[in-house]
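Below you will find one chain, with nothing else, as structure tokens; this is the form predicted alone, and questions on how it binds or moves follow later.
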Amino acid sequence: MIVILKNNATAQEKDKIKSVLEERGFIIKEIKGQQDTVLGAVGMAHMDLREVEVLPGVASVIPISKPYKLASRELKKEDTVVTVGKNKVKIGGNRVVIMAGPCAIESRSQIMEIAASVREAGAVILRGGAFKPRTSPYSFQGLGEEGLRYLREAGDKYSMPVCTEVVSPRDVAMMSNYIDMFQIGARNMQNFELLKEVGKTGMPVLLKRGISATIEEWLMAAEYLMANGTDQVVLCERGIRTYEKATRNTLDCSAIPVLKKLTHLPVIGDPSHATGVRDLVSPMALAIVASGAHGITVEVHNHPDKALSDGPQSLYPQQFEKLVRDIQALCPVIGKSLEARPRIIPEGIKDDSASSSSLSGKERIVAFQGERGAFSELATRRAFGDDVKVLPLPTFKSCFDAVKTGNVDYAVLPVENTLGGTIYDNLDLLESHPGITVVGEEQVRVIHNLIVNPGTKIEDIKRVYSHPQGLAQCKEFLEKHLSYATPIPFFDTAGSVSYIKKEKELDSAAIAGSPAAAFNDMEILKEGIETNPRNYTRFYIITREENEKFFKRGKKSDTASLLFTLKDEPGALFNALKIIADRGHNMSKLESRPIQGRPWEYSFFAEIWFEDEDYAHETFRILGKETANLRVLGVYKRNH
């Protein structure tokens, strides 16, 4: 059952409820959501729901209909994000995680070489088999604990959490000393004694779908893990056995969106085992990501023709590198971003950044303009992670002021939209706030939805609220389906959702992104109603100059934003641009802006791409001599 607590329930009342349920034999799982705190009570015990409803602090009690209780979306509406290793790699949410490595660890040099190449290409978790359950008893069975030592060494050297398969309950305790994530293979999905032992560790688990398992059987296996102690479970679709012989297995991409409706657990895919053919791995990996998966696990080998296990399905390192680039290009289309590679801390150098969620030892706070659920918040969480503390503010200027005064550490602000063009307010604010610098960027695909209070039907709608841009970008849908409704401009897309909820307007709708609907517990009546689906917004990440080192550590910059004014002489702009061109830099943007207080005079905003940062800074020095004034607004890694 699901026990929803009252908002004003005291700690004593909550403890009493837990005590009553535990005395009846229930296992209790507490889940704190955005608006409610719920207790999930599962087990073989039975109890009249009315006995729980009358307890002080209980708002309501809802039975869970699914046989898998802890894994069910009924218990937890919000997606689970699994954290792996001391590097805190996140699987779930709006990220795409790439896990890669050899099918089997064959030697120390082999795993070291492969780890270096996959890490450089973009993998964030290292996989490799130390114990190999094989169909034939005469096939290579793995190096065992020796292989675990090599895997751990490679993971530590290249700052990647490591994942490997466990095949025996008696190995669980030993393996937990070496690895960051257990893998339960397809053959062991219903090895319940193994699931129990692994669950007791509380460690992250990658649970592969059985060879002929239904989705419900798969989720019941996850339930075994969760009932025994771990809530860090990632599901992995790796193909099922069918009558088709052209591929090793039949990849069931349809299982991915089905799972996302049934469970809060993240799901990834394994195109290597699904296809068994190297040339099919990359296209199927893209299909997995396009289906909504939170990542992929891929087999990569430096010499697949000599591999001791699954060589024909292993990618060459150069093929894997291309696949990562293709996935990165696909991510903005589906509203996701690649999980960033953990930075490498050289031996002997102390990690003085405290943690991935801190800045100089304190909690990191990031501001954005708008209300909770806005596209700006989505960009913020992609850049900083789902657990970052956010501060919504009403205006762009208030975000700049909060950064300047130190009330927040960063702000994420839109700078350009593919349909609406440049957001000039933020360029002007950058110019008027010396000491604030651009340290990164994030891209978000803007997908508009028609959002209503639960129960409202499209024929009930008389008013539609949204930001003027949102209304304009959905003009064709409104004219075709809601021509009788009055469009009402609102200051913010997400704010329009919270407004119709607060006012309980059952005859109104709002146009905004799905995060705004989820945050406000509203209903999406129609998805993707924007006229042009190629609608993206690019955001700048800004901070004070003294904080720049905390964000950029380990990142290789390749883009600069510049602001310059010209000398009053013929050919001044041509000469400035020629310096940039002659030194081999690619200019991606150039705009003029009026200078305040100086009529008919202009400054120029430019973005350039470069390959070598030191060489680029030399360009800035030369350019500074040829212009009246030059300011480097930021040097950062572009996210294209």
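All residue numbers refer to positions in the sequence shown, first residue = 1. All values derive from a computational prediction rather than experimental measurement.
In what follows, reference is made to the form predicted together with phosphoenolpyruvate (PEP), a form of this protein that is not presented.
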Checking a candidate spot here: are Cys103, Lys132 and Glu299 all in contact with phosphoenolpyruvate (PEP) in the model of the complex (at least one heavy atom each within 4.5 Å)? yes
Exactly one stretch in 220-228, 523-531, 90-98, 178-186 has heavy atoms within 4.5 Å of phosphoenolpyruvate (PEP) in the model of the complex; which is it? 178-186
Considering only heavy atoms, tell me if Glu165 and phosphoenolpyruvate (PEP) come within 4.5 Å of each other in the model of the complex. yes
Residue-level contact is defined here as any heavy atom of the residue lying within 4.5 Å of phosphoenolpyruvate (PEP) in the model of the complex; does Arg127 satisfy this criterion? yes
For Arg238, is any heavy atom within 4.5 Å of phosphoenolpyruvate (PEP) in the model of the complex, or not? yes
With the partner left out of view, is His273 within 4.5 angstroms of phosphoenolpyruvate (PEP) in the model of the complex by any non-hydrogen atom? yes
Only one of His448, Lys208, His294, Arg382 gets a heavy atom within 4.5 Å of phosphoenolpyruvate (PEP) in the model of the complex. Which one? Lys208
Those residues of 316-333 which, in the model of the complex, come within 4.5 Å of phosphoenolpyruvate (PEP) by heavy atom: none
